[in-house]
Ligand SMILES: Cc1ncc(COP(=O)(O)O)c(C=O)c1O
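Taking the form predicted alone, here's one chain by itself in structure tokens.
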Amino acid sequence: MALTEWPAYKRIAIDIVSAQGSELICRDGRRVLDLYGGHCVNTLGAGDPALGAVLARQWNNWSFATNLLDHGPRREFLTAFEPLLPSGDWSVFVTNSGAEANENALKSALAITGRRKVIGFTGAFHGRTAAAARVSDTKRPAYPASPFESLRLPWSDLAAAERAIDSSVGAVILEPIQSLAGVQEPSAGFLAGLRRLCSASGALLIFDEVQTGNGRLGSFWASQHYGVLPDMFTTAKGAAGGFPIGLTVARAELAAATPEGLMGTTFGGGPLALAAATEVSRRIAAPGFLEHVRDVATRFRAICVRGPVQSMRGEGLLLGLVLHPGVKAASVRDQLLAQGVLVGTCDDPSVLRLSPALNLPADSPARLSAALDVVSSASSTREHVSSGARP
């Protein structure tokens, strides 16, 4: 009997054999513009030469180290990562994924406050582990029981938050922009209102920046973009440009107050992951990098609201293409793929997602625009034929 893979994913029917930068290369030689970037993972695109050289050099020098030993890549990462952070004193704990980073933020917050309640929001996604799943708004429960008391509030409803956030709440966790829900932005004053409520009640405010961080919004972090400082924030995905990593960042006094032995990891903080994360941190901090992100985002907004796309939302290069009523995102995704452009879908069946490499070529919006025109033209022809008219 042949070994089969667990049927967890509905894969797209396209035969990719390699990738370079923001191009996926098919077995038949066709090239596909990758505007999905592996769910915000490929910060520097596929096969970045400098990142590859860093990993090869680190592998040959020191491939793995127990966390009982300090090593140069850890010190180099702290030096490179610090200038990206909001003002203040921070501490970071390294793991392997965004779910782990969120788990650590939540258990630390509950241990520090001595409280048992966590508030999350409709539309949220924080991961598939026990605590992260509990504060996610998914179609089916991931676990039969919760590791803590939780309450889910309507997204961007500050009045509901004012009623719920009191001295029983240990943590409030949210994505500053909800990606999987359809790139849902916070309403004006919502994040600042949560900051005020948490400060008054003693709850800790946690930003899940797994997707909004690492330069994706045209700033290093959503907290800087919106001008609201959390007590903790997490990131993963693009932080090491494709190498698995998770980062839990907390105000230094909170890290110091976390009970000894609460945190731990085998692979987190290894030399390879931190060497990759150091390269990514240096690159996104380089002059002109974030300006490029903002410039390309502006081009997408200027020329890609056309054809099946009714409007666009999001910030930087985390964008949601809102389709006209009745148009299905999965169908448009497949049609765009036939034109050589890969985009993503989400939990909202009327929204496509863009989360490409942050250094993608400046002509990428024009390629998407041309593909949208073809999709629109093909759709018009089908409607014309179905109405009984001659094409």
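Just so you know, these numbers come straight off a predicted model, no measurement behind them. Don't overthink the numbering: it's just position in the shown sequence, from 1.
The form predicted in complex with the named molecule exists for this protein as well; it is not shown, and the discussion that follows is about that form.
- Contact with the named molecule in the predicted complex, judged by any heavy atom within 4.5 Å, is made by just one of S91, S219, S201, S97: S97.
- This chain is displayed alone, yet in the predicted complex one of G314, G120, P186, G127 has a heavy atom within 4.5 Å of the named molecule; that residue is G127.
- With the named molecule omitted here, the record of contacts in the predicted complex names 208-216 of 73-81, 208-216, 193-201, 290-298, defined by a heavy atom within 4.5 Å.
- Site residues N102, E175 and K237 are all in contact with the named molecule in the predicted complex, judged by any heavy atom within 4.5 Å.
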